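Same chain, two versions here, written out as structure tokens and called structure 1 and structure 2.
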Structure 1
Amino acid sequence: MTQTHQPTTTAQSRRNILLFGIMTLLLCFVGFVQSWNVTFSLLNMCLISAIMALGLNIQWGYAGLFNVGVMGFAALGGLAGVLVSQAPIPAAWAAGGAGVVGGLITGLATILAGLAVWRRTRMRGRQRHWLTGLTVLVGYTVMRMIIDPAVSAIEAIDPARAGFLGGAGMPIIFSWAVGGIFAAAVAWVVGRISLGLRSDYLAIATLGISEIIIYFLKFEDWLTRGVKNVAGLSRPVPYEVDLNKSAQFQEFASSIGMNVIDASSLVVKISYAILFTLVLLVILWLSEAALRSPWGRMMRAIRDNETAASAMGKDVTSRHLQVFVLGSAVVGIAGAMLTTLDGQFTPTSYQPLRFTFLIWVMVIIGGSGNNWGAVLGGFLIWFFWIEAEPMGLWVMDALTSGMPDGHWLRMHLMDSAAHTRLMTMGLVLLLVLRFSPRGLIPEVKR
């Protein structure tokens, strides 16, 4: 890679301030031109994107791990949102709770038994394979026999409004931590299997697990209501309706010269923004501390020369597992925050282009290996991802303005304008990789 001369630290930090300044100006510009409500919607999503990008940057930037399953970990965070905040449904628990729990325990036992048979048996070759396979098959059948009736029973309870077990009925803000834990747990399993093998295998394995997580969330109605979605999740911030009713707030709104509806919606968004900013700052601070610590130095040493590091006695695979789990946890936290912001959980909304590959674009463009870069990338790319649509439409409109209204090509181009942003993202990614491979805020060589 072309290594340009190292800019001095002050010049670089001046540049960084400038870049974040431009980002702020962009958001303010939207505030003045469109509305401040739009600005804060954008800002909230930018903050979440930045956290996701931080998570991926921990994996790719620190350690060179190729996670193509960001979507799955984000969705697990979303699941946490449901499971933590929804009120439990006693009827469903009564109908099938025991069966489901029993089934899950059987499932876990099956996996352990399978592993035990695999590890313990002295037999060689075929017999060992068959015996392990048989153990798993029997265990699986038993599990299905326990869990299937329970699942049908649960899904039969008030399917229009419930049809699932519900959650723990706790404040949704706890789900942020739980989401991180869910994601970390799955990452640990995936990492154990595929780390230590060729680097592409992790990519394929994460690609696979993320698809499967989405399928699981879509089809396991007893847990997530599947494609029926879970709407009306509780909030960590006040509801607009309540604000609108409050006399104090009405007074406040009139004192700043806004109508109550706009003001309440803005206040809610700002409250979210404050919460998200806090989380971002904490994670950013932790990431920076980790990066500066001996642990971070070792991580980079491993990334830059795996052979040398392992020759020096570093346990490369278990370090990689650590960093993979940590990064996934951060993505899980962001996923839970996203579901909190949306107020609903819709499994079908998880698309790899939006949740995996867009995050990759953020990290690469921001500057892999640099946390501030990841944050900037998250902001910038999300901003353009949203604003590219109106821009694309505007460009298409301008390009085809010479054509008569209703001309087929004009119609087609206008219809397809939305897809130009995919192309734009790909193009930006390739251009940055080629001409500025270290991104907007390059990694600092320490």
Structure 2
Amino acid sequence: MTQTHQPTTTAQSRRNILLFGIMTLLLCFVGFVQSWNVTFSLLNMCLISAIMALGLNIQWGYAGLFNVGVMGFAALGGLAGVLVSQAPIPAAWAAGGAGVVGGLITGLATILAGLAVWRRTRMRGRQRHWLTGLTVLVGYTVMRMIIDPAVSAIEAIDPARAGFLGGAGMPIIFSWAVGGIFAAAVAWVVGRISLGLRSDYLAIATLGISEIIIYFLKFEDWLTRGVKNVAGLSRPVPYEVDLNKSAQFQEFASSIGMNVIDASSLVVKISYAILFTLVLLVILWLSEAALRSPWGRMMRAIRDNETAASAMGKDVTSRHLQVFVLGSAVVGIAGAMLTTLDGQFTPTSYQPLRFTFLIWVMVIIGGSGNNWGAVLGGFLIWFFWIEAEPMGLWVMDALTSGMPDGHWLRMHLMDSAAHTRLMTMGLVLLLVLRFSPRGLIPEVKR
């Protein structure tokens, strides 16, 4: 048994190294053909995508939970970036801060009162439902009476630049942990409600929750400025302007043969890449340790046969809740990192169906149930998602090189090159599923 398993493991390890080596060569190729600034921009987004794919792989690969609300949890991470890093706005707090806090406390009290009425009421049937509904309705009305005037007063404070309460004024790097906590807290609530459902109903529930979260972030201006966005978030790395003013950095840029602007942009992106790589390695190490532990073996047993695991005394729903919270926390961390990289929070950019599809493709192509596969899938899919357009332009230009510049067909094909992105994603997915149905780095059966 050992003699037959060892060569297989060695061959798989060599194949994994080869795949990551090819991915590295692709990124280097972009650096030589386009620019190294483009390469490190790609690398930073690949790192964040890999972390998101790891979070989804924890849910789907470990436990078989079909979560279609990935972008909602990523948006909560972005919200953490605003609430942690933005400085508080004293005028907004003076105008309506007390009303907002009072309204939120009233809302929480309403939820607790509704639960208490439901649990302690001995009546059955419609009377119990009517009494609980009346409690919630009265509490909600009181909450709106308190919070609505406060919200109007806050949003009227310099709406062009402020119009919201601001945040805690702390370094934005702390928002990465806070984003994970926000996502985990919401995932716990969602899981308590929906994890007893069938997988298809769970998908619908998570998609609906994701839409509700993003809808809330779009239209609650007092919290996030809504569609007016929050720009100018702080950074954990130097600013290009500060580097450009430094005499030492100017000498450094001259010594490596680059102009100051390109060199400063490259240094900032490399700094981000170092931070993101550290976070990815920590999460990957923790994920691998969990997967190889007795807990990981139990989760895979529940995934493969819930009935048998339940018969062995395992609390399936509780374990599903646990892994759902952990995976969502990882996605929340990645969402906070994405907002940090962008330097702004734009709620309209979180499109649940479009980008959730991308994260799922990353996990499927990389190899469901394998953490290294999820990382490779995150790199590969984001690379082709970005580079599909320039590759499409090159292909269209080569195909129509014999036509005059103003020919209608050439112009049409060149204008349509951007649409090759979706075609490329479909082609990559089709090829991988045809020749490697379990993904590029399939799950290892231990």
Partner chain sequence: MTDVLNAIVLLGNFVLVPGLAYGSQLALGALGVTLIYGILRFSNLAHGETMSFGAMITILVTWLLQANGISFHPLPTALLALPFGIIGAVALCLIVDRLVYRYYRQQRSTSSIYLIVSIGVMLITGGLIRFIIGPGDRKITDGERFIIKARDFKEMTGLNEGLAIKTTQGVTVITAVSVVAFVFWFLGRTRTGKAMRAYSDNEDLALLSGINPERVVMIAWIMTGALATIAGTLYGLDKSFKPFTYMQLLLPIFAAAIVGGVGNPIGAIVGGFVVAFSELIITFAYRKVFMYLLPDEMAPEGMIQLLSTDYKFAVSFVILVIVLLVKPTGIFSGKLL
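Rigid core (definition): largest C-alpha set, two forms, superposition within 1.5 Å. Counting starts at 1 and follows the sequence of structure 1. Because the structure is a prediction, the values reported are computed rather than measured.
Between the two copies of this chain, it is structure 2 that is the form predicted on its own.
For residue 235, a C-alpha deviation below 2 angstroms is recorded between the two structures after rigid-core alignment. If you fit the rigid core between the two structures, you'll see the Cα of residue 427 move by 2 angstroms or more. With the core superposed, residue 372 shows a C-alpha displacement below 2 Å between the two structures. Core superposition places the Cα of residue 401 6.5 Å apart between the two structures.
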